[in-house]
Structures are given as C-alpha cells and as structure tokens.
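To begin, one chain is listed below as structure tokens, in the form predicted on its own.
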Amino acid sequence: MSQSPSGRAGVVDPGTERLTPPLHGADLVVVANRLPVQQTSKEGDDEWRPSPGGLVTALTSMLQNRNGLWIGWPGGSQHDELPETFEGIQLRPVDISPEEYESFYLGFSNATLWPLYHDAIRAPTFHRHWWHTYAEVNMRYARAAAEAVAENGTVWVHDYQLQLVPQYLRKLRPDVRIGFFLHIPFPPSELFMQLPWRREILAGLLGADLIGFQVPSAAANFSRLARRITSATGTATDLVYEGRQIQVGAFPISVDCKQITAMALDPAIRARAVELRATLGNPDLVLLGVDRLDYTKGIQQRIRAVAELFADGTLDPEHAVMVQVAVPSRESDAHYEKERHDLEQVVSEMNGEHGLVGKPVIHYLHQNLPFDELVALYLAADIMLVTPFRDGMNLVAKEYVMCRTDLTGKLVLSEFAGAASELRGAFIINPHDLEGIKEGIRSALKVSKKEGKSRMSRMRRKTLRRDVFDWTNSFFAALARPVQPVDLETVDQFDD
C-alpha cells in the first residue's frame, strides 16, 4: 500500500512522475463526479440528454467556447454506448467498479464527508478502507485530467468527492492551472478536526491555484484550518503553500435567470400552474417544498411545523394545502431508505390527523419531475418552504424567486442555507426551531401585498445581478489572474 508523506497508509503517492502534455489536449477540462449527460429510453431507443440543472448548462457553454472536455463517471452506462462528444464538448469517462462505488461514493463521500460537512447532523462514519478507495479513485480522476489537458491548460475540479485531485494533478502536471470549487458547506475547525485524514484533505485542496466556496464563512473556515494544520501561510484570501500562491474566496452559485424567467412566462407552463391549483381543489393557500430526499434538508421538521399550524387553527384544511416533492437520492443507501420511510410516516400522520375525505392536507411526491413541471409548481405556490438544516447554497430558493415575475409569492428560508445571505427579502427562520418555522410561515401569511412585492422585488434584483453564467465567468477570471510574486518573509503564518 502506498504511503502519504507523513507515512500514513491510504494516500496514493504519484511520487516524482510527470506526464507529458498530449499533442492535441483540451484547453479547459472540467472534472466532476458525474458526466453531464444521462441516458434515457424513448420508444425503445436509448438516447443521451444533458443532465438537469443550470450548472451543467453554464459549464457546457464555457467548454464549448474553450476546446473543452468533461471528465466524470458515466453511472451504470457502458462506455461503448457513451458518445465521445456531446453538444460540442468532449466526454471522457472514469471507471468506478461496484465495490469502489460502495466505498468511494456511498462510503467516504456520503457517510463520512457529507454528514461531517453538514454540521454532523448525523454522526459521520470513519473507515480506513473507505479512505483508501477514496484516494485511489481520486488519483484515477487526476490521471485522466493529466492525460487530457493541453500544455499550460486549465482544469476545474468540482466538489467534495474529488478533494484530493488538485494535489495529485499538480504532481502529474505542474504546468497546469487548477481551480477547485466546493458546492457544499465547509465545516468549522471543531467539526473538521474529527476527520482522521484532515491533513491529507487540506493538502489535496491546496494543490489548486484557486479554491472557491459558496459563502465567505466557508472560505474563512478553510483558510484558518490550512494555516493551523499544514505548512500554509498567509491571509484568509491569499495562502502560500510549497512555494505557490493560492487564492481562496467565495463565489456564490446561481441559476440560469433568463431560462427560468422565459419558462415562467410561457403560456403553456402558466396554464399548467392553473391546472395544478385546480387539481389541488383551488385552495386559497398552497405551500410548497421541493428537495432532494436527504436528512440535511429538514423536510420532516418542516412538515411537523405545518401540521401544528393546522392543529392550532392557523391553517384551515378546507382552504390550505401543502405539496412536498422529495426527489429520490442514493436509493441504494440503507440510511436514505430509512429517511424515506420516516418521511412518509410523517406525511401519513399529517393527513390522518388533519385531512378530510377527498381533501388531503399534504400531497407527497417521491419522484423526479421535469423542470417545466417544477416551474409550474413554483408558479402555483403561494409560500415556498426552503428549510435545510445546512446547505451550501440551495438553488431551489433562487429558482422560485426567478419564477415570480409578477412579484407575488413568499419565501420562508433557513438561515443555514447559503442563499440566506443573498435573499434578504425572505422570511428567515431557524430550521431547528419548530416555533420559529411556524412564526416564519405566520409572518408570510400576514405580510401586506405591498411589502410582499417589495421583498420579492429585492430578491429578484439580487439574483438577476449575478446568474450562473456570471458565476462561471467570475471564477474562471479569478483562476486566470496572473500569480503575484510571493515575499515569504512578510507572510503571516497565523493571521486569525
């Protein structure tokens, strides 16, 4: 087994190996856990389509304009079926065996890092063999990038599954400019210090030239830990590590504002919104939650709060209804199967106690919905409930805001979502506090039409100011910024 520089087992060491740049390499390479395409069956024929979401759209646009290539896992699809190019960008698959998927993805990524980075809402699990596989798979991604990127090219690595890739890639291809963006929160020191491989993770990230986070507090957490645990020196935004200058900053991600606004104004989608309200019985009030099924999203707590509002008479089952969409997630993980079971139990209890014959008070959907159907739901909802216990950003909140072109609708938003720092017009709540959630909903119910429109207008202006394309461009511009000379004698090692 290979050793880390500290002699700890489980870190793949590329040693002094250097890879020769390919003759016809890509100028820009995106490295992410998954490829940006998914396979679907239509009338008996398999076809490929873009994965949903503004992030794929924005990165695809950037790659199309820069001789780009995307590296990622193709899921369960066979390589011989995967197209070499899709919508003008090259695709390069990375192999992950079923056994590696269990240890790398379900194990270290989602049973160790995910809970730890989300405030340890559930206790993280630490297994050495998961860590070993995580390191090996990260090296595989790094080698794929090293073999694909042109001389002096740029590689942009994404998210918590690939935090060792920057360091590995740096050793294989020191000529390359490397950026890393973490889409989820980065924890404070008292949580991160629990991780047995904390030094290795930090060193992995410090292989990048630019390390981006959703919010300034996450960037500050990282910089503080890097200076405390590794040999990195410098300030919160500029670190020096192994003789290199590294930028650290916040780059709040956003949505495709133009696309969502156009969809929200589409007559067919607006008609579908009217149809949805009719299907729900044309209630006076529709509350909506849209989340990936995950224990960090606070779905059960939210539903309990709404149930108590029905119980105390604030909400009338004759005139109010809730819709909760829980998008399937990590269905092969027993913990998520339990989460689904517990959530469905809460939904059943709420309908059993407060529903009427033919009029449930909550409609629950455990399925993926087409985005146009989601937009119709956003238009049909009077109050949007976004109440995660911890979230890097939460784009559902921004999608809802961008749909409300007539400035109607109210947003109840967790203070622990990254979006809360931008969407000041929301009714901000503590998702751990049932009474606080209820008070947030009550405030949204009581707000005057004038104030409600003012709040929504502020949130729309803020979101429109920087959409997902501005996010990609600002990160890429910072990554391309010339490196300033480093005066090692003036660098303060502990500038906390």
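Computed from a prediction, not measured in an experiment: that's the story for all the values here. In case it trips you up, residue 1 is the first one in the sequence shown, and so on.
Beyond the structure shown, there is the form predicted together with a small molecule, which is absent from this document and is the topic of what follows.
S.K.: State the residue from Q324, T133, T387, Q161 whose non-hydrogen atoms include one within 4.5 Å of the small molecule in the model of the complex.
M.R.: Only one option qualifies, and that one is Q161.
S.K.: Of the options K453, K438, R460, R34, which one has a non-hydrogen atom that comes within 4.5 Å of the small molecule in the model of the complex?
M.R.: Only one option qualifies, and that one is R34.
S.K.: Candidate spot Y105, W114 and I184, all three in 4.5 Å heavy atom range of the small molecule in the model of the complex?
M.R.: Answer is yes for this spot.
S.K.: Which of 60-68, 430-438, 464-472, 26-34 has heavy atoms within 4.5 Å of the small molecule in the model of the complex?
M.R.: Looking at the partner contacts, the answer comes out as 26-34.
S.K.: Using 4.5 Å between non-hydrogen atoms, is R292 touching the small molecule in the model of the complex?
M.R.: The answer is yes: R292 has a heavy atom within 4.5 Å of the small molecule.
S.K.: If you check in the model of the complex, is R143 within 4.5 Å of the small molecule, heavy atoms only?
M.R.: Taking the distances in the model of the complex, the answer for R143 is no, it never comes within 4.5 Å of the small molecule.
S.K.: Although the small molecule is absent from this view, report whether N110 comes within 4.5 Å of it in the model of the complex, heavy atoms only.
M.R.: Heavy-atom contact with the small molecule at 4.5 Å: present for N110.
S.K.: Do R224 and the small molecule share at least one heavy atom pair within 4.5 Å in the model of the complex?
M.R.: Close contact is absent here: in the model of the complex, R224 is far from the small molecule, nothing within 4.5 Å, heavy atoms only.
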